[in-house]
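Next up is one chain by itself, shown in structure tokens, the form predicted alone.
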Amino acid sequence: MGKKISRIISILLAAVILLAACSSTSSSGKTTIKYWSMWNKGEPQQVVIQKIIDAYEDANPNVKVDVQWMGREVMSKVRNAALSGDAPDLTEQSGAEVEGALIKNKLAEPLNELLSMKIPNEETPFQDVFIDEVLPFYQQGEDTYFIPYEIISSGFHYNENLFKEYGVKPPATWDEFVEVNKTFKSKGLAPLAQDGNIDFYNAYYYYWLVERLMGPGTLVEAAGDKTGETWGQPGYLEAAKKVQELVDNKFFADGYKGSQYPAAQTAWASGKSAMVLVGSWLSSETAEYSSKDFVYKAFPFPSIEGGKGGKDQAELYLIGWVAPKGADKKAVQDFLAFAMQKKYQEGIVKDTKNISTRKDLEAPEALADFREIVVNASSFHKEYDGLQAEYPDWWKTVFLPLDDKLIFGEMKAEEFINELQKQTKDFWSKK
């Protein structure tokens, strides 16, 4: 009997030790939230988030937020950790990457209880503080996994005073856009700035043209077709021909193929070119180079006659939080409710110069047009149609190299499509 009792006690002790190891509560009774961040120390977002963490720990002395600033490759590290059962309680990245790495692989915790929680010191339900359609953008069924706090989008940036000087108005259609380019070129100003060494910047043109011609989801559809035959549909070739039109008309600034970031955007901010197609972060990156009378403005990628995607359809590139599988959901949700207070989210606007997901916070002046594009959009799509998250290897090894050749004029539209068909089929045959 004594041996039996001893065995039972040993089993119970082992269970207690195991539970203690799995819990995020230390022996001192203090809860620890393990947080792996995408930001590097010293970046504006890191500074804002550290202030939130400090304030949260002051308000909750029984909680420690153990944060590690891990940089942009954090998601691959989180995914590996989640697969081995050792993931952090909280992490962040773009919604497309979070969806591809965690949500679709059932490696994230739903945060449904958070939606009805009250924001501390505001008495407003959590779900009610967001710009419409932003919070549920990555929802899966009835479950909410992704909590966005920063909005990025892309479109054409321009200096309002320069457009006025040249008597030009922002174009709404592709035909108007081509005419605007011709106007600038005829007056000796390079219409389009482009840092050619950034392949995913080069990709904006073809991606946006497919979105406007064929609608959301069509790039992902073609990339995922293992036969490669989807690329044979007419819209994909038409989009390539429109990129070729820009190249053939020499609308890109001289030397753009060899331009090393940030040379082209710096030259644009100095008034040496008229427009640049890139993400909404551009204004904060170029502010030190622009003149005092530079007025940052933006217009959406133009619509195309007969196209399925209108200019009121916007790109929604979201940065936000997710709780990997096994996270302490109660602690995470309490922290996120605290973090989304207006007084802390103001830092996204004032300190990082980005657009907050809170509907009661205006954008920085330089991004007012981008916020209007988002707020007034009839529908949204993911950045690059979600390609870089859905099929990252195909994106890097097939699409980006071919797209570079198209935009550099090294490959005509027909050859570009033929190669996409061939290389997509070859890519999938090796999987």
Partner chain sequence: MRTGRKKLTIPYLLPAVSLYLIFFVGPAIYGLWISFHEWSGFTDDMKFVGLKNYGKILVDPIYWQSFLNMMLILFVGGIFVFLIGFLFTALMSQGVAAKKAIRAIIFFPQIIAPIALAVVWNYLYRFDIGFFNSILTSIGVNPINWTGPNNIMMSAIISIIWYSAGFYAIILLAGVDKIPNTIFEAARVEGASTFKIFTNITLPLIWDVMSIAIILWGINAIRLFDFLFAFGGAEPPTRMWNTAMYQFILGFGQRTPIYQLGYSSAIAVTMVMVVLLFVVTGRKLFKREVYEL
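Numbering follows the first chain given and starts at 1. No experiment lies behind these values; they were computed from the predicted model shown.
A second form of this protein, the form predicted together with the partner chain, is not displayed here; the remarks below concern that form.
This chain appears without its partner; in the predicted bound form, the one residue of 241, 342, 297, 257 with a heavy atom within 4.5 Å of the partner chain is 257. Here is the short version: of 92, 211, 89, 97, the single residue with a heavy atom within 4.5 Å of the partner chain in the predicted bound form is 97. With the partner chain left out of view, the stretch that reaches within 4.5 Å of it through heavy atoms in the predicted bound form is, among 29-37, 58-66, 398-406, 371-379, 398-406. Residue 365 falls outside the set of residues with a heavy atom inside 4.5 Å of the partner chain in the predicted bound form.
In the predicted bound form, none of the heavy atoms of residue 415 sits within 4.5 Å of a heavy atom of the partner chain. Although the partner is absent here, residue 54 sits far enough away that none of its heavy atoms falls within 4.5 Å of the partner chain in the predicted bound form.
The partner chain in the predicted bound form comes within 4.5 Å of no heavy atom belonging to residue 124. Every residue in the set 75, 198 and 261 has a non-hydrogen atom no more than 4.5 Å from the partner chain in the predicted bound form. Using a 4.5 Å cut-off on any heavy atom, the residues of 81-112 that reach the partner chain in the predicted bound form are, in sequence order, 83, 96, 97, 100, 101, 102, 105, 107.
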